[in-house]
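Next up: a single chain in structure tokens, the form predicted alone.
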């Protein structure tokens, strides 16, 4: 069974075509990147996978489940981080993560274990006890990444998880994602418009442009096949080919 199976997925918003028949699959335990510029269709794809919006046509399975039919089951195995996720201003990071743990786990021991994992993932020291309105953007993003991963979902969907972060904070977030995936066997599906950084973390990628998948596969295989030195070079080459 695949973690995610997308087949000929389309999505129209009125006259606007956001997805034009995309197809890709994600293996269980992989860190998989959906890579492309802003407006390429990454967020729309993630919202469909998470069951937040319906597709216009095509099929989707998440661990064999249909997000539109098996809604409650999907909620129990997916955790989703939107690109624009914010934080509550007037509670501490600790209080926020504690609240999340208690929402997900009715068992006290499981909730406490999830909270400990969240604090470890956030890794902001004693600032965890400060109100989140005092946090930097990097600290807020780390809290949100912790919120998603601490509940140990089967599939974590991370939409631009390092968006707006400086090089040091972005590198730390990538390290955390990689460590959690290996420790808990979590399948990670992430998006990024920064094609160079995903080579540090993803095994496989799909390059998406204007609602279409240009190529999909192992990064090493794609770079060799197209004689490209990195994903950015590959993407530019493919887009120029499409435009001709």
Partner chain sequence: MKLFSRQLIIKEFKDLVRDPRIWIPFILSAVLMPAMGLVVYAPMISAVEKATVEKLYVAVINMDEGDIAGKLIDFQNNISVKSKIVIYQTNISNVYLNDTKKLKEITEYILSKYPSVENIVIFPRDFSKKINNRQKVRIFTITVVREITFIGSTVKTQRIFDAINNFIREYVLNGTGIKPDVIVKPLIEEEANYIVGKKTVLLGSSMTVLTSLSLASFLIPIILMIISVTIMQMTATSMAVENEEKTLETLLTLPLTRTQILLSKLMGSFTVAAIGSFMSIIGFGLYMFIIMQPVFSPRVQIGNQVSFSFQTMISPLDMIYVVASLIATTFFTAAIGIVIGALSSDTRIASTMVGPLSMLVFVPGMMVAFVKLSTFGSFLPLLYILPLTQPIVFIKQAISSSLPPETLLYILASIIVTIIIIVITAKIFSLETLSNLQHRLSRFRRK
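Quick caveat, the model's predicted, so the values are computed rather than measured. Positions refer to the first chain, counted from 1.
One more form of this protein exists, namely the form predicted together with the partner chain; it is left out here, but the text below deals with it.
Residue in contact with the partner chain in the model of the complex (any heavy atom within 4.5 Å), chosen from 87, 92, 163, 136: 87. Though the partner chain is absent from this view, in the model of the complex it lies within 4.5 Å of a heavy atom of just one residue from 127, 98, 169, 75, which is 75. Residues 13, 47 and 82 are all found to lie within 4.5 Å of the partner chain in the model of the complex, as judged by heavy atom distances. Although the partner is absent here, residue 53 lies within 4.5 Å of the partner chain in the model of the complex, judged by heavy atoms.
Although the partner is absent here, residue 147 sits close enough that one of its heavy atoms falls within 4.5 Å of the partner chain in the model of the complex. Along 98-115, a non-hydrogen atom within 4.5 Å of the partner chain in the model of the complex is carried by 100, 103, 104, in order along the sequence.
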